[in-house]
Each structure stands twice: as C-alpha cells, then as structure tokens.
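Take a look at this single chain in structure tokens; it is the form predicted alone.
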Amino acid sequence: MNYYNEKTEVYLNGNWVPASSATTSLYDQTLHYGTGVFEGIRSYKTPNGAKIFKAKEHFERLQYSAKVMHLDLNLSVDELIDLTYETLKRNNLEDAYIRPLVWAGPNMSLTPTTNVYVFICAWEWGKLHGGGHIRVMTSSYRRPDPKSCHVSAKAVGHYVNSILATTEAKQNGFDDALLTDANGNVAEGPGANFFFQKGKTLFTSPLGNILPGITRATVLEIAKKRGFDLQERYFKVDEVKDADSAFFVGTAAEVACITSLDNVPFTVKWEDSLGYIVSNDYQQLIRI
C-alpha cells in the first residue's frame, strides 16, 4: 500500500515537509525501545466538508499516552486538531485515515529524553477488514499484564503483541485474533475492542486490561441510546462460543462482523443482530 506520493505533505516538528523527504535519526529511542505513542483517527466526507470523528477524544488520549510514557507533548488538543485539519487540507483529503505520532529522540539509555518529536500524516484507507465478515481464532498470545505497562496508553511498543497475534491468526487461515488477558478472560482483538450478543444483551470486557477505545465508547453510547441491555464484565472464551453474534469495533475496523470463533459459527445472521443496528447507527453518526 502506498501511504504517500510526491505531492504528499506531512507535519514534522513544527514544519510542513514533503513526505518523501521527512527524516529522523537512527538513534531515536522510540526506534530502539518502542517508547512512542500514536493515535489512529478517521475523517469523513460530510455535507459540510471533512469532519474528524471524535477529534477531541482522540487527542486527549494522545496527551494521556504521552504523559504516562514520559513524553513532553507541548501541543494542546486544539492545536493538534488544527494541525490535523491543515494536514487534510494540504493533501486534499476528506475520507482519510490520520496518524499522529509522538516519539522520543536520540537516547540509548532506558530513561526519558527531552527530545520529543511530533509527526502528523494522513492517507486514504478503507475499513480494516474491508467491510467483510471475518473469521477469528483465539490467540495463543495474551494482552500485557496491566502491572507490566500502561495498557490504557496507545504506545508504539504495545503493538508488537498485536502483530504477533494477527500474524499467527493469518498463518492459521483466519482473518484476525481474539486475545485473552493475564487472567484468561477475553480482552480484545489486536487492533479493536470486542463485543458479543447473547439473547437481547450485549457484552464487552471492562476497562483495566484493554485499550479504552474511542469507537468502543461510541458503541456504548449508541447501545444505551437504543435502550439495549448492556453488560461490561469479564467472560471466558467458552462463553463467547455460545454467543449468538459478535463484532469488533475500532477506528480502523469501524464495526466489523465476526462470523465465527475457532471455527465455531455464531448462529444469528448479522443482519438480524444488535451489532448490525449498532453498525448502521455508527455509519450515520460519523457522516453528520
């Protein structure tokens, strides 16, 4: 996939530069140790032009992630939003995926550095799973223990775990993975939060062992507005296999139907599920 061309401009440390000439040091701490933080954000074409969905919430989380990872991000939420809209404008983008990245400069020690850099780019990108229905396997990998790192931060290094889980799933003929937490409870996917339906109730894992997803929060809002019975609690893989339907939610995935777990199919058609209603409501919400 091509993320940029000769005309693409990106924001890099206070300047607008061609993506093709943007550079950084090979001695950056983030490159060696994974200490950076980032966000995945979408903008959508609306009757009033490009709209960044939940921009404030995304950049508040970016600031939180930077803080707990000891990265001094000297840009306010409003400044970050303005820079992102400018990125879209300079690249003539409306429907776009946006990637702000905050990383640590040259430092080979295991301590924070005062050199902190900011990068913002955007490109056209469809849904993570192409809008199709996906087959999922239970991963042999687990999400990091909350006592080992800040699992609520969207940190660069955490995604080694995601890459391993996704690669394992695809090598075994599946589309994606479902990971458990350190206690063996279902947590989330490699890049998305997880919901399942049993009867007329939606279930999802509570915060604490998962990334507090912006899309997850939006789905909770939709479900409550709809009056759906909703439970945030711990559950095991076997309980999920007895579910009626299931879906992933995330900025990249949006709301993605899961057809089976470990080749055990869910019995309710997607079009008849609560997730389908949530998906339709979500699509209307992002285009307002």
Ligand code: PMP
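Note that residue numbering follows the sequence shown and begins at 1. Computed from a prediction, not measured in an experiment: that's the story for all the values here.
Another form exists, predicted together with this ligand; not displayed. Remarks below refer to it.
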{"item": "Within 4.5 Å of this ligand in the model of the complex, all of 61, 189 and 211 (non-hydrogen atom)", "value": "yes"}
{"item": "Proximity to this ligand in the model of the complex (heavy atom, within 4.5 Å), stretch among 154-162, 67-75, 170-178, 198-206", "value": "154-162"}
{"item": "Close approach of residue 251 to this ligand in the model of the complex, 4.5 Å, heavy atom", "value": "yes"}
{"item": "Contact test in the model of the complex: residue 193 vs this ligand, heavy atoms, 4.5 Å", "value": "yes"}
{"item": "Contact flag, residue 166 vs this ligand in the model of the complex, heavy atom cut 4.5 Å", "value": "no"}
{"item": "4.5 Å heavy atom contact, residue 139 and this ligand in the model of the complex", "value": "no"}
